Ligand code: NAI
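The chain that follows stands alone, in the form predicted alone, written as structure tokens.
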Amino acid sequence: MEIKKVVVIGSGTMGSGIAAQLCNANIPVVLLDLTTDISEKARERILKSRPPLLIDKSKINNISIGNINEDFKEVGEADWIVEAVVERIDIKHNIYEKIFKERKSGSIVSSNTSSIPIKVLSEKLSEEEKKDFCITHFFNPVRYMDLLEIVKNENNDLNKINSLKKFCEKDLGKGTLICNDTPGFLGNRIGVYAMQVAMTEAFKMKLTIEEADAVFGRPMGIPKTGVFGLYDLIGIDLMADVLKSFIKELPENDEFQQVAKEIPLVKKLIETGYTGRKGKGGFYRMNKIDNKKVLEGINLENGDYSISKKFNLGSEKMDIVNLINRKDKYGEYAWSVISKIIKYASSLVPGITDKFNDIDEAMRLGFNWTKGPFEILKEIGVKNFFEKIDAFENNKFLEDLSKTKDENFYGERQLYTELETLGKIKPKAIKLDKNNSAEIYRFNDFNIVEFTTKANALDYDSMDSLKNATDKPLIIINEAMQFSAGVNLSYTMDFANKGDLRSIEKFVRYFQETCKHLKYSKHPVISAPSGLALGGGFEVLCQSNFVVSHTNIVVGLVETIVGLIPAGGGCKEMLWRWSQTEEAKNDPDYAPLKVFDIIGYAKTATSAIEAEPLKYLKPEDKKIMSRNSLLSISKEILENNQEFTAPKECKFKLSGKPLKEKMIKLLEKLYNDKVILDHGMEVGKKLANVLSGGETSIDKELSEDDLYKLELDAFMNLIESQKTQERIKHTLATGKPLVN
């Protein structure tokens, strides 16, 4: 069936998020609530949301609003009706009665519930009505969380369920898993259990919250919030309600019951208003000492707060085997948590799903884990796992695996989608090379480079991999949350702290050479970004020949924030793009002034659609909703460009000194208005020198190499500066900019 119009009933956080994502997909949607005023306020919240729920503000025009009394007739025109009202079964049953009286024959009706079983939701529906009813459990925030769980019942029209799945995958960009009707479905059942194990084991083993978060974080392939940071982010009171629901729904002998027991300290935090970030604090809190904000952490034994000290485990890279083999309490904690998660997840197969790797996908898509429990088991190794594990009786999956000892038990990844994804082809591809920052794969007749550092920050090894992979057509793509957050500032500052500026200059030159090599390679180069593509990440992207972008990107040149200017060709490429406009043909200063504004203010776009007006992306760049389609569309471009020829080198004509003076006047106004301070002025002047062409005049022609040299000179001048180094150190330490 084709879905051309959707009605969402309930305009709270989830209803608004679902409506916004439908808007992003250009699907007309009607948002209904008790009153039109409530719906109108929800519409305004969507428009003003941060981070934005819309990929472009104009998408709001796809939404209409109304109320369930006067506008319920809209249900009769919808192909899909989504119920997202409060989690009260009596209210939901009343809504369903109205929907099924009004809806047109064959339309799909779904609930966005995260906790109520479908058998309870549908108990008052006729057998015929049950055919078209399911649960569509989106994760919050809907735009950014990839996971969607469709929960079916035994009466469903499976063709219709599969049709809805394909729509949600292709049009809404969701990683869509079909689940059985079990408590918590897939993601929350395992994800919440994992959080509870990590918490209860930390209490039991008397770890600090900083120690637990350092282990149950990046070293396990889990987001850096860890467990206690995540608890604070979600809300300690909300998590308590989630646990009560699991306790009620699960049998008494379910292992979840053990980790869901109320913890006195958690109860006390809720009672005293320490419910997490939305309250006065939680396991972590901000406090003022001598008029300065200080982060404090709670002592799990006595409930007292003290200044939080970041714990250094020695490595933030995911390395499960070394982590669990550590001969200290952190290795013991890691093994205890991981082994319990694997045992619990495997005990639920085939009860919650007969495809065990769907559990892994749920953890990746819904909780941003790098690997799910079964992939972690595969990484540990079957033999090693069974040598370390204790009893696992009544666990058919592990009992069978212990007999076969099959190290290749896993099979294929991402069975939930028919699309050819990076995750599916990596096991079949030839690994050509690997270093500390990237891997090169050969698949059929093209290469793939996947960055592998924290936030995919770029360094010398990253450039090596890019340069070495251009012997064939190349796709730069990865499975991580970010395409690349830019050049590794820690890497740069290590040299600066030693006074080794020559090594910094050597690296920047190599970065420039690599980007130029990508742009003019004899084979086409494609970048397929998702997530952050900032600074150096953008410079790799914009000097690729083609771009296939996920709509959920944050893209821009942000170097001025840390007291630098783009030096990998970012200034050059932006100048060239803006110089191709009609306005630039009539005014030679138009493009440089535009780029001065964009780079000077470190402007970013929060979607592929927003990126185009800034010229971070070009009209011909592909912009797609489904991240799972990045690779297949990149492959199509390669197939359609087998007679590829590299572009001609760019030439520039810039005004030089008169243009630079215009830019400095703009800076002086900002300085006088106290928008920028002393070092902001210096950074702005260096940027002005690059974008005006330095010692040039309008009758001279500059090459790309000339622009690269201007970028490099400005960058080196700034990195030597104490004030730039202060900015970088502050950002690395706090994650926030320093204005000096």
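Note that this is a predicted model, so its numbers are computed, not measured. Residue numbers run from 1 along the displayed sequence.
There is also a form predicted together with the ligand; it is not shown, and the following applies to it.
For the marked spot (33, 92 and 138), a heavy atom within 4.5 Å of the ligand in the predicted complex is present in each of the three residues. With the partner omitted here, the residue from 202, 85, 323, 266 that has a non-hydrogen atom within 4.5 angstroms of the ligand in the predicted complex is 85. Of the candidates 114, 153, 478, 492, 114 is the one whose heavy atoms come within 4.5 Å of the ligand in the predicted complex; the others do not. Contact check for residue 20: every heavy atom lies farther than 4.5 Å from the ligand in the predicted complex. Using a 4.5 angstroms limit between non-hydrogen atoms, residue 25 is distant from the ligand in the predicted complex. When contacts are judged by a 4.5 Å heavy atom cut-off, residue 13 counts as touching the ligand in the predicted complex. In the predicted complex, the ligand lies within 4.5 Å of some heavy atom of residue 68. In plain terms, the part of the chain that comes close to the ligand in the predicted complex, with a heavy atom within 4.5 Å, is 92-100 out of 646-654, 498-506, 92-100, 210-218.
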